[in-house]
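Just the one chain here, laid out as structure tokens, in the form predicted alone.
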Amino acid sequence: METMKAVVKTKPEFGAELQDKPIPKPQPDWLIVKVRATSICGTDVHIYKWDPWSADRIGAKALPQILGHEVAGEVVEVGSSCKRIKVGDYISAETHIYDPGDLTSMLGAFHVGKNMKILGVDYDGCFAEYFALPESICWPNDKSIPSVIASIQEPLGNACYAVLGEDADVAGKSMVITGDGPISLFAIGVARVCGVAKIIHLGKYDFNMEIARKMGADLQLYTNQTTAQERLEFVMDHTGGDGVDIALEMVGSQDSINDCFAMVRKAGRLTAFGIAPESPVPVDYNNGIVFKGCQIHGINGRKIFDTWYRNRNLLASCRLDPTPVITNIFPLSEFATGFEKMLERPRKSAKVVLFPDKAEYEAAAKFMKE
């Protein structure tokens, strides 16, 4: 039996192991991809640490399991029922494996189905030389997009959907974006290229605040150096006293949630993406929502496949340059160093990309230096 190298969560405790695993075989409607690049997500970090979410969502009985879900690769084998994707196609993967029988799927909201499964959570993931996935969630990449960039389209899709919402009505508007993790930083870049006129960024770590400036933030405030009142006054001073048209809550902390509800203008939009450490979370229901006429847009994934289409066009056209957010690249064998960078505080990294193939890693290193 042919084997491959893979990063495997073997025990319900901190860490993972690089192991030899059998190369998977496709089910009739699945296919096999040779991984060219794969990036580390916050979800992977949760699983790597094996925090309470991981213990509850995955559970020790599901282990061992291969980590990872953000990927770019080449199709090497297709199942007997596959029709859309062919051997040789250069693809990335939508993480949410939707059930076409869900009511939400039938109504066009594929990403939030009741029976939805998640790649790298409910099935083996892509931190490996090869991995299997359903044809239904494959997205063909533009061949001009380097694998190091193509691999980050899944989190970039979160950012794109968060910024554009359902109507993509953002040009000429003002926006506040909280947090300085990779998706917040991607969101700043998307907002800039899509015509947001004033981008106010609230962050915490010097290293990532500098990335935010490179991505296009107009104004910045350190949340750990200001009070809530000071932040609100700052935003009001720069929006004529009205507040921002759109507030992107990308952190999930109580302070960030409070900031966004206070800062968004009447009849504005608040995008809720950050995951709170505990739920329910208190909000000012009367003044923050009802009397404001506030629209609240929850983000759980990407808009399949509208967001992927926009991502591909923005990247292939070079309108959007996400490379400042990609701070570290490593061979797959050095995955532990990648996770260490993700866990380091204060932050000194944003997006970390891994490469199973040495030649692909060397090509990415050359590209990132150019």
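Everything quoted here is computed from the prediction, not taken from an experiment. The numbering used is simple: start at 1 and walk along the sequence shown.
Omitted here: the form predicted together with another copy of the chain. The next part is about that form.
Contact check for Val196: a heavy atom falls within 4.5 Å of another copy of the chain in the model of the complex. Looking at Glu233, you'd find every heavy atom of it more than 4.5 angstroms from another copy of the chain in the model of the complex. In the model of the complex, another copy of the chain lies within 4.5 Å of some heavy atom of Asp306.
Using a 4.5 angstroms threshold between heavy atoms, Asp237 stays clear of another copy of the chain in the model of the complex. Stretch-level contact check against another copy of the chain in the model of the complex with heavy atoms at 4.5 Å: of 225 to 233, 197 to 205, 70 to 78, 145 to 153, the positive one is 197 to 205. This chain lacks the partner; the member of Val121, Ile257, Met263, Ile211 within 4.5 angstroms of another copy of the chain in the model of the complex by a non-hydrogen atom is Ile257. Interface residue among Leu31, Ile58, Leu314, Leu332, judged by heavy atoms within 4.5 Å of another copy of the chain in the model of the complex: Leu314.
Contacts of stretch 334 to 350 with another copy of the chain in the model of the complex, defined by any heavy atom lying within 4.5 Å, are made by none of its residues.
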